[in-house]
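A single chain comes next, written as C-alpha cells; it is the form predicted on its own.
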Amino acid sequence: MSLTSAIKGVIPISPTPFHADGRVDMDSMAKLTDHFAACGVDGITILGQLGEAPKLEFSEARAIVELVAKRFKAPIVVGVSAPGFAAMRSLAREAMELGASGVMIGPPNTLRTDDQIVGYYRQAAEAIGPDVPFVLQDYPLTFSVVMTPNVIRRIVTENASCVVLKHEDWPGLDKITALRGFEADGAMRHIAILTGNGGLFLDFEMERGADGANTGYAFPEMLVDVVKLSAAGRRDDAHDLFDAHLPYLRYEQQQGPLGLAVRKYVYMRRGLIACDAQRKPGATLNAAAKGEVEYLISRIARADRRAVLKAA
C-alpha cells in the first residue's frame, strides 16, 4: 500500500514504549498499534522524533517496523531521518520491504539557505530511490530550518516522490493558505498537507486547507473526530470538542522530552503502555506535574468520557 498525495485524515505519530530498564517493550508497542487501529485512524507513523528514533539501534527499529506492518492494515510511514544518506537509505529500503508505505525525512539543522534545503531533499530522494514516497517534515521549532512556501514548492516540483507535507511551522496558518494558493494557480502539483505540533492548531488548520493531522497526542480519538467534523462542515461541533481538550493539549505540547513524558504518562494511565519510561537521556514527571496532568484530564472527561482514566 503505497503512500500517495490522496491521503487524508489522522496519521498519529506513535511513541516507542520502553521498559524501565530501557529495553523496547514490544508487547506495549503491539497494544498501542491496535489501539490506533481501533480509533479509526487513516495511517500511522513510527520512528519519528518523539518516537525516540535516534536512540534506537537499527535492529530495534527494524523489529518495530516488522511488528507494526504485521498488525496494521492502513498506510505505515517510517521516520528515516539520519545524519548520513547511507543509514537513511538502509532503513528506508528495509522498511519498504517489510511493508511500509513511505518514509518521513526531516532536515539536518546544518541547512541555512534555500538552495541548501532544496539540494538536500534532492539528494535524499536520490538516496532512498524514486520508488519510495516520502513525507517532507517542516518543523523549524525543532530542526531550526525555515522552509518558506517557495522552498516547499521547489522541493515538491523537483521530487515526484514527495507526496505529503508534514506541516509543523508555528505560526503556520498562512503557509497552508499560500501552498493551497500555489495549487489553485497551477504553480505546484497537489500534495497532502498533514499537520503536527500535537494538533495545537488543528481546528483552524483544517479550515485553511489541511487534509488532516500527522501528530502525536494521548487522545488520538479527538483528532479523528475533529478532522471528520471539520470535513463535514460542522464547525462549531469540531471547535467544541477541540476546546474541551485544549488546556491539556497545550500542557502536553511542551517542547522536548518533557512533553513526551506527559504523553507517555497518559498513555500509561490509559492502560495502553506498561511503562512511561523514555530511553536515556530522557525526562520523567515529578509529583507536581503528575497532579497537574491528572487535573487537566479530569476536566476533559466532563465533556469527553473517553478521557476517564483507569484507577491508579
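All residue numbers are counted from 1 along the displayed sequence. Note that the structure is a prediction, hence the values are computed from the model and not measured.
Another form, the form predicted together with a further copy of the same chain, is not on view; read the next lines as being about it.
Undergrad: Taking a further copy of the same chain as it sits in the model of the complex, is Ala232 in contact with it (heavy atom to heavy atom, 4.5 Å or less)?
TA: No, Ala232 is distant from the partner.
Undergrad: With a 4.5 Å heavy atom cut-off, would you call Glu183 a contact of a further copy of the same chain in the model of the complex?
TA: No, Glu183 sits far enough from a further copy of the same chain in the model of the complex that none of its heavy atoms falls within 4.5 Å.
Undergrad: Although a further copy of the same chain is absent from this view, report whether Met268 comes within 4.5 Å of it in the model of the complex, heavy atoms only.
TA: It does not: once a further copy of the same chain is placed as it appears in the model of the complex, Met268 has no heavy atom within 4.5 Å of it.
Undergrad: Would you check, heavy atoms only and a 4.5 Å threshold, whether Glu292 touches a further copy of the same chain in the model of the complex?
TA: Close contact exists here: in the model of the complex, Glu292 approaches a further copy of the same chain to within 4.5 Å, heavy atoms only.
Undergrad: Given a 4.5 Å cut-off on heavy atoms, tell me which of 72-80, 217-225, 99-107, 144-152 is the interface stretch with a further copy of the same chain in the model of the complex.
TA: Every other range fails; the passing one is 144-152.
Undergrad: Let me know the one among Ala192, Leu200, Ala125, Met188 whose heavy atoms come within 4.5 Å of a further copy of the same chain in the model of the complex, would you?
TA: The residue from Ala192, Leu200, Ala125, Met188 that makes the contact is Leu200.
Undergrad: For a quick check, can you give me the residues of 168-186 that have a heavy atom within 4.5 Å of a further copy of the same chain in the model of the complex?
TA: Residues within 4.5 Å: Trp170, Pro171, Gly172, Leu173, Asp174.
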